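We begin with a single chain expressed as structure tokens, specifically the form predicted on its own.
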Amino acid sequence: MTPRRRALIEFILDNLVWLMLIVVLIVFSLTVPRFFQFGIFANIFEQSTFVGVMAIGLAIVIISGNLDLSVESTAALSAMVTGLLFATQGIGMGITLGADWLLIPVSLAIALLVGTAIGLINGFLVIRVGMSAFIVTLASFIWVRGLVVAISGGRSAQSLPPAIRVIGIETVLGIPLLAWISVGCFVVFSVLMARTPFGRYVILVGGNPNATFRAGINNDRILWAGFAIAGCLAGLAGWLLAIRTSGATANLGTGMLFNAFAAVVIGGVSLKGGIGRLPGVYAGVLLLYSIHTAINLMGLPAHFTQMILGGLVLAAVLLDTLKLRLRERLL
């Protein structure tokens, strides 16, 4: 096989999800009334923001050969902590938030710290204690959501200051600012994964941890970083979601984990570890929310979305298996 043909096959295999997204958008634009509008596309970008940011961290953990089921609850906890902080203006917490210019950096820092802390706890139990990542993060999914209810008392925090809420309504070039933040995160972490030693090490550790250990790579450090990034980005997703909804509730973000996981799988990240690119994950997120939007415009029941989403996940896993076999046979 010639190098040019091999490169073409690699390109097609790596970008199938983008081809699927283009086809779906064309079909919906031709068949779904009112779909082909700038406002609809802007809404798709905005709605995909929160799951998109969460999916970045989840993808990095999966590429490294692990799993993190706690990102949804982590996002809810970060949102609730910052929501309660600003609903009470920091009273009783030793923080004075009188100046508006402090609101955004302080709330963001708290959300990121809360998320990172959960990620580090998961990493400690998986890496140092040696527990299963599935069990650890499933337990975190449960206890962190319980902590959200405990600290909120089941009540909502709906008094975010105007200086923060403006982020949720601001637009740039007609696209919501929230969507630009999501795009920025994907660009930054795509470069990190594709152009830095850390990104290469994540892929190598996920593909063959024994070989990387023999090569002198600190596998534990890479895995720690993966869990910390996943928690940190989940915290950011929760912060953005709280801004968009002008507060936080005990059940905030319910169901986001499944959407994030589906986007990661559809985006071409192998559950076996060592394979995956973040631009594909973003295409997977956009594909999911394009389908959500089209179903809403057609007035179909919500269970149609669940059925299609489940089919897409199964198709993505099957496609991943077929791509691996095709690579082995042709490349």
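Numbers for residues come from their place in the sequence shown, where the first is 1. Under this definition, the rigid core comprises the largest set of C-alpha atoms superposing within 1.5 Å between the forms. Since the structure is predicted, the reported quantities are computational estimates derived from the model, not experimental observations.
Below, we refer to the form predicted together with another copy of the chain, which is not included among the displayed structures.
- Using a 4.5 angstroms limit between non-hydrogen atoms, V129 touches another copy of the chain in the predicted complex.
- Put simply, Q306 is close to another copy of the chain in the predicted complex: some heavy atom of it is within 4.5 Å.
- Another copy of the chain in the predicted complex comes within 4.5 Å of no heavy atom belonging to I26.
- In the predicted complex, none of the heavy atoms of L278 sits within 4.5 Å of a heavy atom of another copy of the chain.
- Look at 222 to 230, 179 to 187, 134 to 142, 102 to 110: in the predicted complex, residues with non-hydrogen atoms within 4.5 angstroms of another copy of the chain sit in 134 to 142.
- For the options A117, L147, I164, L84, the residue carrying a heavy atom within 4.5 angstroms of another copy of the chain in the predicted complex is L147.
- Residues of 264 to 298 lying near another copy of the chain in the predicted complex, listed in sequence order, are V265, L271, the criterion being any heavy atom within 4.5 Å.
- The Cα position of T305 differs by 2 Å or more between this form and the one not shown after fitting on the rigid core.
- The Cα shift for V24 between this form and the one not shown, taken after rigid core superposition, is smaller than 2 angstroms.
- Note: P279-Q306 Cα separation is 3 Å or more longer in the predicted complex than here.
- Note: the CA-CA distance for L318 and Q47 contracts in the predicted complex relative to this form, by 3 angstroms or more.
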